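What follows is a single chain, given as structure tokens, in the form predicted alone.
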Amino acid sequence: MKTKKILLNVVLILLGLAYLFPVYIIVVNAFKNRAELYENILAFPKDASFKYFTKAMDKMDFSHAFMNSMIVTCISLVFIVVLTSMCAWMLARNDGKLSKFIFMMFVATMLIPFQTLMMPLLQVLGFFRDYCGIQLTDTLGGLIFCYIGFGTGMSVFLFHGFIKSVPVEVEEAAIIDGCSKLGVFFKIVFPMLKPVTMTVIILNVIWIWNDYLLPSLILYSKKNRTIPLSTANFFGQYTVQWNLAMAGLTLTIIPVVIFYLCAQKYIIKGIAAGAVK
């Protein structure tokens, strides 16, 4: 039994190292010049320098791209958390066939690959622009609108499962005391959803912050580029500045890694609770 446990730990360590190996490649090569990088991508840098990070920030227009990513991520998160938690609460507290059907529709959206929706999405956004006068392409507002829609299915699913474990008697007592429906949700229910709320935030932050495909479809102008889009500056038609690209990618992942480390204690508890039906 002890030998089996040791072997299991060894396998887990090897899998962990294999998972972290690409991160090692990115970080190590961010401190090298191009000649040293091509010589041996696995070796530590002979003369580590932060100048490549400075060059990468200038080429990416990092401060502007960082602000765009922050605006898109934060506003999208606020709407996703508030709207999906309220929706999940109403669906969980109404056991009718219509509520179950709507919930299953939300779950079904999680199974649809985004690649199948790209062309219809652009057509819908073009319709809003041409016939309704609402510019959703090449705007941060349009990107936020899309993220709110695509983030709804998973978030409703997680909130719905967690709310099922919240005692209805607590809400009934608040209503008897004269609390309104909104008051019950925001004063009683929502504070009890903290673990799953943190899980929803973490998962959506990782997705929105690192997403390249959706912004590349919607955003055209340089002023609206998010951080993932700005890293494309290092990949030209004929040449690739790999050392600057590695430095830029390192700068890209640092904020979300810091956020994840600060909030990781909630994610396992929230996912486990959100999966309860």
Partner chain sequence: MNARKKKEAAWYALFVLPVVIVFTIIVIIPFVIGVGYSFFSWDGLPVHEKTFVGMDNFVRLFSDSRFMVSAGHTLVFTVIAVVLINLLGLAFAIIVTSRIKVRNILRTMLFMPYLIGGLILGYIWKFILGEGLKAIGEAMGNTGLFFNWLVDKKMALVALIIVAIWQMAGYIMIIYITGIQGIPDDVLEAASIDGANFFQQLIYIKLPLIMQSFTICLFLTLSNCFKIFDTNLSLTGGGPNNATEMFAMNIYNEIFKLNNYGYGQAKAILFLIVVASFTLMQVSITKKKEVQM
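Numbering follows the first chain given and starts at 1. Note that the coordinates shown come from a computational prediction; the quantities given were computed from them, not determined experimentally. Basically, rigid core = biggest C-alpha set you can superpose within 1.5 Å across the two forms.
One more form of this protein exists, namely the form predicted in complex with its partner chain; it is left out here, but the text below deals with it.
Its partner chain in the predicted complex is approached by Ser99, whose closest heavy atom lies within 4.5 angstroms of it. Within 4.5 Å of any heavy atom of its partner chain in the predicted complex lies no heavy atom of Gly126. Though the partner is left out of this view, Leu213 does reach within 4.5 Å of its partner chain in the predicted complex, counting heavy atoms only.
In the predicted complex, at least one heavy atom of Leu17 sits within 4.5 Å of its partner chain. In short, of 68 to 76, 190 to 198, 158 to 166, 81 to 89 it is 81 to 89 that has heavy atoms within 4.5 Å of its partner chain in the predicted complex. Taking its partner chain as positioned in the predicted complex, none of the residues of 54 to 79 brings a heavy atom within 4.5 Å of it. Shown in the overlay between the shown form and the other one, fitted on the rigid core, is a CA shift at Asn33 of 2 Å or greater. Superposition of the core reveals a Cα shift of 2 Å or more for Leu251 between the shown form and the other one.
With the core held fixed, the Cα of Leu42 is displaced between the shown form and the other one by 2 Å or more.
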